[in-house]
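Below you'll find only one chain, the form predicted alone, shown as structure tokens.
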Amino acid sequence: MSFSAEWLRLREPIDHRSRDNALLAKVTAHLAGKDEPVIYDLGAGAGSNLRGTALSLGQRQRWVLVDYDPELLSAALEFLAAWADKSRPTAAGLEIEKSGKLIRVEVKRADLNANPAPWGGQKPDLVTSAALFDLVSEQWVARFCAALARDKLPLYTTLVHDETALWSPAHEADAKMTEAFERDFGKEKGFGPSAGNKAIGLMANKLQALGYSTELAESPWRLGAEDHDLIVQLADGWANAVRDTKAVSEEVIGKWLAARKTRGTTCIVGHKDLLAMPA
């Protein structure tokens, strides 16, 4: 499953302000002793997770951005070059300077469904992701956790959707729309039937069973009037998902969508961050 660069651009500032800072500080402390930590970012998209994490880490870093969509990986290099204070292309991707940090970036196209451990023989210092694991299946979670534990790698993942959206003001069609949306959310997303809202808890439990210590933290989106453009895109996405289920009439969807696109609508979307450390 892939997303448009425009959707990823709109959500980036909300993603960055929503992540749990205390958990990020623990990641920073864990990597503090590494001269140039190697970080694998799974489902990296347009590179938002790097931009939201790197400035909290040490002076030198090496990131490997992994995604199946080559257009998003190209967009990631473009966005990172624009974000950087200085940048230069390299054979593997890009070298950038930002706020005193030197960051080497490599892009890697890979099918995570076929291979949930794309680092191969090179064991990174950290595996990370953002807004990925709610799209995968329970079986994929088990495969990924086993691969992570085999190589004794720490995991830091953010913004995994764990609760359905709470819209305000209330609308009479909210219950129908939510039920249909959750039904669609559990469908195939490229990794088997999606674990959806259960994914982050499943992942924490499986890693604990494999000897990891885990810590979960709340990272909800709190979308207000200033986030109107993202609310509109989110509402459109909900409406399209509900249409696919054919469980709600087009008339009801249309009325709900018009109400949700009205300025003044707010929305809270539940997410969690997870830090998992091997014994």
Ligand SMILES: C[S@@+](CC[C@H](N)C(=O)[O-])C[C@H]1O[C@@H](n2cnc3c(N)ncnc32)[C@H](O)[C@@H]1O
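Residues carry their position along the shown sequence, with the first being 1. Just so it is clear, the structure is predicted and the values come from calculations on it, not from any experiment.
Although not depicted, the form predicted in complex with this ligand is the subject of the following passage.
S.K.: Is the gap between Val160 and this ligand in the model of the complex 4.5 Å or less for some heavy atom pair?
M.R.: It does not: once this ligand is placed as it appears in the model of the complex, Val160 has no heavy atom within 4.5 Å of it.
S.K.: Any chance Asp69 has a heavy atom within 4.5 Å of this ligand in the model of the complex?
M.R.: Yes - in the model of the complex, heavy atoms of Asp69 and this ligand come within 4.5 Å of each other.
S.K.: Does any heavy atom of Phe191 come within 4.5 Å of a heavy atom of this ligand in the model of the complex?
M.R.: Yes, Phe191 lies within 4.5 Å of this ligand in the model of the complex.
S.K.: Is Ser48 one of the residues lying within 4.5 Å of this ligand in the model of the complex, judged by heavy atom distances?
M.R.: Within the cut-off, so yes.
S.K.: When this ligand is placed as it is in the model of the complex, which of 250-258, 37-45, 230-238, 209-217 ends up with heavy atoms within 4.5 Å of it?
M.R.: Selected range: 37-45.
S.K.: Since exactly one of Ala204, Leu148, Ala84, Leu112 fits, which has a heavy atom within 4.5 Å of this ligand in the model of the complex?
M.R.: If I apply the 4.5 Å criterion carefully, the residue I get is Leu112.
S.K.: Ok, Ala180, Leu135, Leu126, Ala165: which has a heavy atom sitting within 4.5 Å of this ligand in the model of the complex?
M.R.: Exactly one residue meets the criterion: Leu135.
S.K.: Do any residues of 5-39 have a non-hydrogen atom within 4.5 angstroms of this ligand in the model of the complex? If so, which ones, in sequence order?
M.R.: Stretch hits, in order: Leu8, Arg11, Asp15.
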